[in-house]
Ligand SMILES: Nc1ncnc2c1ncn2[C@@H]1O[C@H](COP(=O)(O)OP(=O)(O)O)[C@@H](O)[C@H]1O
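This document opens with one chain alone, in structure tokens, the form predicted on its own.
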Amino acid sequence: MERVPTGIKGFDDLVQGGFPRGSTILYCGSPGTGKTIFSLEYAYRGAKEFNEKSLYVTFEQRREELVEQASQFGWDLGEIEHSGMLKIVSIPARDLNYKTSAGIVKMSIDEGFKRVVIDSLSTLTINAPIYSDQEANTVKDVVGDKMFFSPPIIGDTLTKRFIYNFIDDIKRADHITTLLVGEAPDKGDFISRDSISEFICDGVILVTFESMGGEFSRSLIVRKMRNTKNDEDIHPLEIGHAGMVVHNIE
């Protein structure tokens, strides 16, 4: 199994040296758990240290904000962008439409990216409608003609259909290793707020934040990782001066 090392200190040891090549990973957590920093470091170190062309797509921050945030860790995103190894695409949530997801997949394939980050899947799902107009598809096209659903259930079905199709399209490009940033619910039985991406993705990383008054308030666990053996323990997670640090529990 070919590995894609993240370069994040302490993490790759948890997954036998890195993500399996071509896998799609969900990185899920509540606000303040370092989701953007982890995913940005994955793209940055891929381009800088492992010579892998990387794409970072954000719907929540402007490019200038990411560059400033990265500079706090000593990462010069502008330099890597200029070399052509890193591309940052910032799309405001108000500009998302039914063509956005297909456009991202096409760009990823056509421009030969090896690593792709979507920040975040939650924002894309909420703001990107599936179809261009009401006449393009009917509810029957999605759920069949022998079922009856109330409007809220129809909306939930369409949303899950969108997530499934988007992740499936990304996974078909088996040379791309994708990191999807997702929001975790405050409570409930599911890892992700959308309740389906955790089942479709090849790997799931869950990060939690607790105010315990100690040295570490964030923790990380690899909930699943297909095609590899993964560490199943909960590890302290720190936002260090040079990026994320996953600590050994010993």
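Computed from a predicted structure; not experimentally measured. When you see a residue number, it is the position in the sequence shown, counting from 1.
Note that the form predicted in complex with the named molecule isn't included here; everything after this is about it.
One stretch from 196 to 204, 24 to 32, 45 to 53, 219 to 227 that, in the predicted bound form, holds residues within 4.5 Å of the named molecule by heavy atom: After filtering at 4.5 Å, what remains is 24 to 32.
Quick one: does F73 come within 4.5 Å of the named molecule in the predicted bound form, counting heavy atoms only? F73 belongs to the contact set for the named molecule.
4.5 Å heavy atom contact, I239 and the named molecule in the predicted bound form: Yes, contact at 4.5 Å.
With heavy atoms only and a cut-off of 4.5 Å, decide whether I37 touches the named molecule in the predicted bound form. Heavy-atom contact with the named molecule at 4.5 Å: present for I37.
Classify Q69 as contacting or not contacting the named molecule in the predicted bound form by the rule of any non-hydrogen atom within 4.5 angstroms, answering yes or no. Because a heavy atom of Q69 falls inside 4.5 Å of the named molecule in the predicted bound form, the answer is yes.
Can you tell me which residues in 182 to 209 come within 4.5 angstroms of the named molecule in the predicted bound form, by heavy atoms? Stretch hits: zero.
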